[in-house]
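Heads up, the chain below is alone and in the form predicted on its own; it's given as structure tokens.
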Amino acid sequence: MLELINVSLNLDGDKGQVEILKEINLTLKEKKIYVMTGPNGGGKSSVAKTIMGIYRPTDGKILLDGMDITQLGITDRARLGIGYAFQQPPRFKGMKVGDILNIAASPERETNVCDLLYDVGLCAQDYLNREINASFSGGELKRVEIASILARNLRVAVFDEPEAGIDLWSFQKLTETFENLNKKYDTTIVIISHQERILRLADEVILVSNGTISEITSQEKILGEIERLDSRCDCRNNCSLGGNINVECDR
């Protein structure tokens, strides 16, 4: 459905061009949940922003249903059904939740904004006429943003570390929201995250490091590897026995 073929990305740095992505090859299928993970600075957000059109590839192609969208900008890709949720959702001063959802709603289908809020765990009676301002928590903002993405009836929705800056209760509701999205809508979901609970949602896990996709694998394999590494961590084991600050982790 969405394909990245030999996609590379160079961006301007202080000392000239910097290679960010190197020959990324990736195919996203319909109605799947993909979790993209890997070390910080490895290129995960750059892959996501290249999918959205925030960054234009230096080399390679991006295809949506076989159509070359490589040179299309953000607006054109949004019209084709690709959406992106930032780590820190914007606050629209003076606008109410209902206004945001109605603006986002796809003209191609009838949209019930009350149902959208319900789908993300918010009560329409409490939120529709509420202005989006500093009184909103991080979890509330995340869910309003997800509701606006649902309103658009997207083909591909990308979420960049959606758990960032939200409390534990909101995080629990957020994972439930992603599960419900996958069951109710046909949207392909890509989530950038390190969180185990989100990894457990994945149909496939995409490992990104050093600007490349090092592996595409199952959640079971990744979670098993995390558990194995934790069991080998001498510093953690020593702490449980009284602690030894000089012991290094055997990873």
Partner chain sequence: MLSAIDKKILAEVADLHEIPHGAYNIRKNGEGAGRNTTANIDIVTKKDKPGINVIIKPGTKGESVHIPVILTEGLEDLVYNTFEIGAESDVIIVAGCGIHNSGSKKAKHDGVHEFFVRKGARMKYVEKHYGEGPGSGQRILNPKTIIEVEEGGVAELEMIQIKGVDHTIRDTEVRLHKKARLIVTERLLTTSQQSAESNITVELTGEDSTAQVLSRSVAQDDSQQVFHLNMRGYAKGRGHIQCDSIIMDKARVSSIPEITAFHSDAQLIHEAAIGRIASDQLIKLMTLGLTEKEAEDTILQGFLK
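Every value quoted in this text rests on a predicted model; they were computed, and no experiment measured them. Throughout, rigid core stands for the largest set of C-alpha atoms superposing within 1.5 Å between the two forms. Numbering follows the first chain given and starts at 1.
The same protein also has a form predicted together with the partner chain, omitted here; what follows describes it.
In plain terms, the part of the chain that comes close to the partner chain in the predicted bound form, with a heavy atom within 4.5 Å, is 93-101 out of 176-184, 112-120, 155-163, 93-101.
Contact here is defined as any heavy atom lying within 4.5 Å of the partner chain in the predicted bound form, and by that definition not a single one of Asp12, Leu28 and Leu63 is a contact residue. Proximity to the partner chain in the predicted bound form, defined as a heavy atom within 4.5 Å, holds among Leu201, Ile69, Met52, Ile213 only for Met52. Thr75 belongs to the set of residues with a heavy atom inside 4.5 Å of the partner chain in the predicted bound form.
In the predicted bound form, at least one heavy atom of Glu131 sits within 4.5 Å of the partner chain.
Among heavy atoms of Phe171, none comes within 4.5 Å of the partner chain in the predicted bound form. Using a 4.5 Å cutoff between non-hydrogen atoms, Phe86 counts as a contact of the partner chain in the predicted bound form. Contacts with the partner chain in the predicted bound form, taken as any heavy atom within 4.5 Å, map within 134-148 to Glu145, Ser148. Once both forms are fitted on their rigid core, the CA atom of Glu131 lies 2 Å or more apart between this form and the one not shown. Fitting the two forms on the rigid core leaves the C-alpha of Arg79 displaced by under 2 angstroms between this form and the one not shown.
Once the rigid core is used as the reference frame, the Cα position of Val97 differs between this form and the one not shown by 2 Å or more.
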